[in-house]
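This document starts with one chain, in the form predicted alone, laid out as C-alpha cells.
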Amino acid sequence: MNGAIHITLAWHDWLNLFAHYMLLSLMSLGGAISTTSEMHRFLVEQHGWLSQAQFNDSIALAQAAPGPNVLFVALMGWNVGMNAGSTSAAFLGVATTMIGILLPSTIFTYQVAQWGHRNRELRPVRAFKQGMAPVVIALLLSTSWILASSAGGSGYHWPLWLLTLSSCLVIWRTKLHLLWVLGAGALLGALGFV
C-alpha cells in the first residue's frame, strides 16, 4: 500500500474508533459499503489516521478479492494499526473495526428481521422499507463521489470521472460481472489513462 503515514494512537483513540464503527454498523442499511463516505470523513479528513491512497486501496483490494466485501473495513483497521507503528497494532485495528462494524448490526438484524418478517404486511413496515431505498442509494452515491474525487476536485481529472460514469452505466444497464469493470479500470490505470 502506498501513502503510509505515521500516527500515534492512545487507548481513547482506539475506543473512539471502536465506538464510531459501532455507530456506523447501525447505519449500514445497504451494507458496510454504504457507510464508506462517513468512514472517509472520520479516518481521512477528521483524524488523519489514513491517507487518501490507503483509503482507496483498502476498498479496491477488498472489492477485487474473493469473499465478503466487508473486508475493506478490516483493511482500513489494518492500515490504521500499521500507521500507528506495529503489526500488533494492525491486528488490534482489524479487531477493533471488524467487531465494531459487525456486532451491532448482527444483533439488530437477528432481532428485527424476525419481527419484520412476521409483520411484513403492516403498512408502517412496508413504508419503512420503501423509505429506506432512497437513503441506501444516496449513501452509495456518496461513496462513489468520495472515491472518484480522490484525484482532486470534480473537474481536475476528467478521465477518472468519465471512467466512473461509464462504470456506473455498465453496471446499471448490463449484467457484466463487476470484476470485468474493475479489471478494465485497473488496466486503464496501469496504462496511465486515469
Partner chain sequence: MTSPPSAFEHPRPESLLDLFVAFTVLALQGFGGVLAVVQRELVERKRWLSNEEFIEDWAVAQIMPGPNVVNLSMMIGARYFGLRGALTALAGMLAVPLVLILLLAILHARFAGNAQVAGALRGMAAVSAGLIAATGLKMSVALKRNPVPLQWCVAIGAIGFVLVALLKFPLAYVLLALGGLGCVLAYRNLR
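Residue numbers count along the first chain shown, from 1. The model shown is predicted, which means the values in this text are computed figures rather than measured ones.
Missing here is the form predicted together with the partner chain; even so, the following discussion is about that form.
J.: Evaluate Gln63 for contact with the partner chain in the predicted complex, applying a 4.5 angstroms cut-off between non-hydrogen atoms, and reply yes or no.
T.: Close contact exists here: in the predicted complex, Gln63 approaches the partner chain to within 4.5 Å, heavy atoms only.
J.: Using the partner position in the predicted complex, report whether Thr164 sits within 4.5 Å of the partner chain, counting heavy atoms only.
T.: Yes, Thr164 is a contact residue.
J.: Just to confirm, Gly48 within 4.5 Å of the partner chain in the predicted complex by heavy atoms?
T.: No, Gly48 is distant from the partner.
J.: I'd like to know if Ser86 sits close to the partner chain in the predicted complex, meaning any non-hydrogen atom pair within 4.5 angstroms.
T.: Outside the cut-off, so no.
J.: With the partner left out here, which residues of 171 to 194 have a non-hydrogen atom within 4.5 Å of the partner chain in the predicted complex?
T.: Sequence-ordered list: Ile171, Trp172, Leu178, Leu179, Val181, Leu182, Gly185, Ala186, Gly189, Ala190, Val194.
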